[in-house]
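The structure tokens that follow cover one protein chain in two forms, given apart as structure 1 and structure 2.
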Structure 1
Amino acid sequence: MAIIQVEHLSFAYTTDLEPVKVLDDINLEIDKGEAFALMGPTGAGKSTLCLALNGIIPHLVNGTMDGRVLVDGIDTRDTYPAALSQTVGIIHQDPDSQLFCPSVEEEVAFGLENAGLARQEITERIDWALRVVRMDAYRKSSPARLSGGQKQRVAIACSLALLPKVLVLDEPTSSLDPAGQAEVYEAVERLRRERQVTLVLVGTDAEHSAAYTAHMAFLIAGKIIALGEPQKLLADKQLVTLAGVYPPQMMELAWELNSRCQTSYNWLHMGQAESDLRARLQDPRSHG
């Protein structure tokens, strides 16, 4: 069952000169509890689409919107972001822009207090959210003293404490090292499995997102040019290059071997490559 339905969505920003069209007739459905990747180059319209999912567009951004977005049956045209914040949470790529309180637990409490929840419930949600992202040992720490991956996990906890049904991560690991990236993706995948939170992972690098998502869309110049399973989309080198997406390293290796050895490998991660290559060594006639 779809929790996100985007129907013929177009959006143009209002400027002093002329409107700038950023989204062009987007149609998209994402199922409840699914992890979905939205990929494309800088300027493709990915962040604009994210803002349309929680009502910031059309309510807080100057522009013209056509079509509609439904999230858990709620029409974002009729619902303001404050009301949607408990349905859709958005995590941006720079956690420092979202963290401003003296301690981790105060960061998580901020949104809950603004939602007018009782003190006992606030305390319980803080405890739960920090446990989920494995940051409960840092609750008294200053966010400024945390690593990049830890800060991003705190940002996730802040959104998660509001119990959203959908969590949108807009290039959440672009400024993190590999260890920090792994921390964030492992945390959100655990949320999806344990809490049935729907994940929308947005970015240009498919190294991690391809391994965690069931479906992927390529967005270029405001249009979705491809939609399907990550393994199938990323196997198409020409399409991936056109979409400005950085493929997983194992997929690049598969492309190279396919070109040189007339094989048909299609790998997202090391385990797939190891299995296929072992099979080939045992049976040289196998082409994978």
Structure 2
Amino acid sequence: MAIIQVEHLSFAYTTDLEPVKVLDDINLEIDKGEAFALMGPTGAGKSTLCLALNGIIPHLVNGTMDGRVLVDGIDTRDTYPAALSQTVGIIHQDPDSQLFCPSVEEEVAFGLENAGLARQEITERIDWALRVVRMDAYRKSSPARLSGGQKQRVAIACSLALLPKVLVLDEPTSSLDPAGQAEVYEAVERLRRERQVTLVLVGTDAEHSAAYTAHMAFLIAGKIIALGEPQKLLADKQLVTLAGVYPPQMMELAWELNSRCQTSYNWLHMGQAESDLRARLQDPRSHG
């Protein structure tokens, strides 16, 4: 069942000059409990689409919206973002834009207190969310003193603690080191598996998102130009290049070998590449 339905969505920002059209007739359905990747180049409209998923658009941004967005059956035009925030959590690419409390634990508590939860429940959720992002040792620290990656993990904990049905991650790990990235992806994937949280992973880097998502869309200049399984979409070098997406390195290797020796390799993971190439090295007659 679809938890997110985007129907003929267009949006243009109002500016002093002409309106700037950023989204153009977007249609999407995302099922409950699925992980979905939205990929595309800088300026494609990805972040604008994210804002339309929790009602910030059309309620808090100047512009004209056509079409509609339904989240868990709720039409975002009829519901204010404050009410939608417990259904859809958004984690932005720049954590500085969302951290303002004097300590990490107060930061995580902020949304929970606004949601009117009991003190005991708040404490338990703070403990849990900070453990998930491995920031429990910093609960008394000031967010301003943390490194970029640590701040991002706190921002993620703030959203996680609200236990939203849909978690939108807008380039959430680009400032994290490899260990931190893996931790975040594992944490959100665990939420999806265990609590049926729907994940929307937004970004330009398919190295991780391809491994975790069942469906992927490419957004270019405000339009969805491709929608399908990551393994199929990412095999298309021309499409991936056009979309400014960083392919998984194993797919890049498949492209390179395919172009140089007319094979048809298609790899997302190292395991796939290893078994094909090992077979080939041991038996030169086998082909990809």
Partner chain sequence: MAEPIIRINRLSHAYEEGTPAIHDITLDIPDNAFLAIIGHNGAGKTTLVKHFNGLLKPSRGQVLVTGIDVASTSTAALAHLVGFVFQNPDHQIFSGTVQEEVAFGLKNLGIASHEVERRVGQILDELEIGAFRDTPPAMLGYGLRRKITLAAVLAMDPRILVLDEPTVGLDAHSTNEFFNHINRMHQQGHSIILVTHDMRLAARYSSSCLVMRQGCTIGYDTTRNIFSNSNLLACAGLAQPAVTRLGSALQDAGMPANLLSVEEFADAYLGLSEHTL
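For the two forms, the rigid core is made up of the largest set of C-alpha atoms that agree within 1.5 Å on superposition. Here, a residue number simply tells you its place in the sequence of structure 1, counted from 1. Here the structure is a predicted model, which means the values were calculated and not measured.
- Note that the form predicted on its own is the one shown as structure 1, not structure 2.
- After superposing the rigid core, the C-alpha of Val132 moves by 2 Å or more between the two structures.
- For Ser103, a C-alpha deviation of 2 angstroms or more is recorded between the two structures after rigid-core alignment.
- Two rigid parts make up the chain, and between the two structures the smaller of them rotates against the larger by 15 degrees on C-alpha superposition.
- After superposition on the rigid core, the Cα atom of Arg278 is displaced by 2.9 Å between the two structures.
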